[in-house]
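Just one chain follows, in the form predicted alone, and it is written as structure tokens.
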């Protein structure tokens, strides 16, 4: 039987077939635990860490912003740090994949929060296995669960994540990672700000990128005629596979002339992420009552000011003449919509109704993006416009522990989880005259034969 570690900042206690009370050599067998009998002395044991015992190292690598700069390579460095211990309501996640976003440069340049000074951790989104958790967090999660998250500090081998911000996922697949920021941005922006109606014309810029691919699909699902801009014939072919009605390769076609010729009545909704001259073209081609949604302006992120040049002196007149509108979208301002959006998108994906294209750099110079050091190459790759879909970095290979776990260990883990939760419950309510029964959610190890669809029903 492999050991379980119950670790805090001072020491680790090995548990094999029982749980140490902390008073010497007394142990309590897991089988037949009495509800009123505490098997955990909470004065020293408040974390459940890594039931495989030795698979958590003492140190890890992470990316840290050490200097504010729009040059990601200058701003960020790889550092060694101690693997953190989760708090009472937190999870320790071993990251398997992390997502690369255009806004990573804005973050390293300090544009989102000018008051924040280096050093601070980089990265926004990750997916992996839970290898440690606080006592309160164990009411919803257990060791071995697969989760995705959207919070700071994702560019690390291990990340501590608030349990309330962690999303259970059916499997550690990079496709689920694409939904956290890129998919959610498209889903919520078009739903809340786009007001899409069947038969309308929608323009998606950078349509073959991480978020553009989702905007194309959601607009098509709404019954719209969709135009997508891209930079190569390969990307145009990808857009056609998503049923995009008109793919415009702006390296071979003039975007402004094409829109004026083929869409003289204008564009009803624009999902815009490029900025600069592309934004100017979008404004000039808005239809009456058209809606232009600005979700970014990537063409300016690598400049000192971070904003591309835009000829906007006549913008108020143009909007007024068409009764049109321009609205900005920043995902953190719409978190009340986030969990519903994520759940719906996961359901679409497992039912085969949503394509989540992932680019792990297999065709990139230097090969596939593997290891944290590859994040730098992945950022350069994305800004060179070479990606097709969402750029993802594989932080660590699949854990042998979670993929080859024997059935006896699965049962042992489940029994331990149930016993620990019962003990925590007893400790909190030992003065109560009545005790409510508690249920334990099924975890990934014991439900390997479940379909992705049935697992998504838990969201």
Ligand SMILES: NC(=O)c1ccc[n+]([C@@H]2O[C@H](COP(=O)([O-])OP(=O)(O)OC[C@H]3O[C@@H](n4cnc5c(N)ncnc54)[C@H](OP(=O)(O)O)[C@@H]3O)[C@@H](O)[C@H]2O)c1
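Bear in mind the structure is a predicted one, so any value in this text is a computation, not a measurement. Positions refer to the first chain, counted from 1.
What follows is about the form predicted in complex with the ligand, which we do not show.
The ligand is not drawn, but in the predicted bound form it has no heavy atom within 4.5 Å of residue 72. At least one heavy atom of residue 230 is located within 4.5 Å of the ligand in the predicted bound form. Contact between residue 329 and the ligand in the predicted bound form is found at the 4.5 Å heavy atom cutoff.
By the criterion of a heavy atom within 4.5 Å, residue 181 is counted among the residues contacting the ligand in the predicted bound form. For the options 138, 108, 101, 166, the residue carrying a heavy atom within 4.5 angstroms of the ligand in the predicted bound form is 101. Among 295, 188, 356, 267, the residue placing a heavy atom within 4.5 Å of the ligand in the predicted bound form is 295. Heavy atoms within 4.5 Å of the ligand in the predicted bound form are found in one stretch of 114 to 122, 316 to 324, 297 to 305, 339 to 347, which is 297 to 305. Residues 382, 383, 385, 387, 389 are the members of 359 to 392 with a non-hydrogen atom no more than 4.5 angstroms from the ligand in the predicted bound form.
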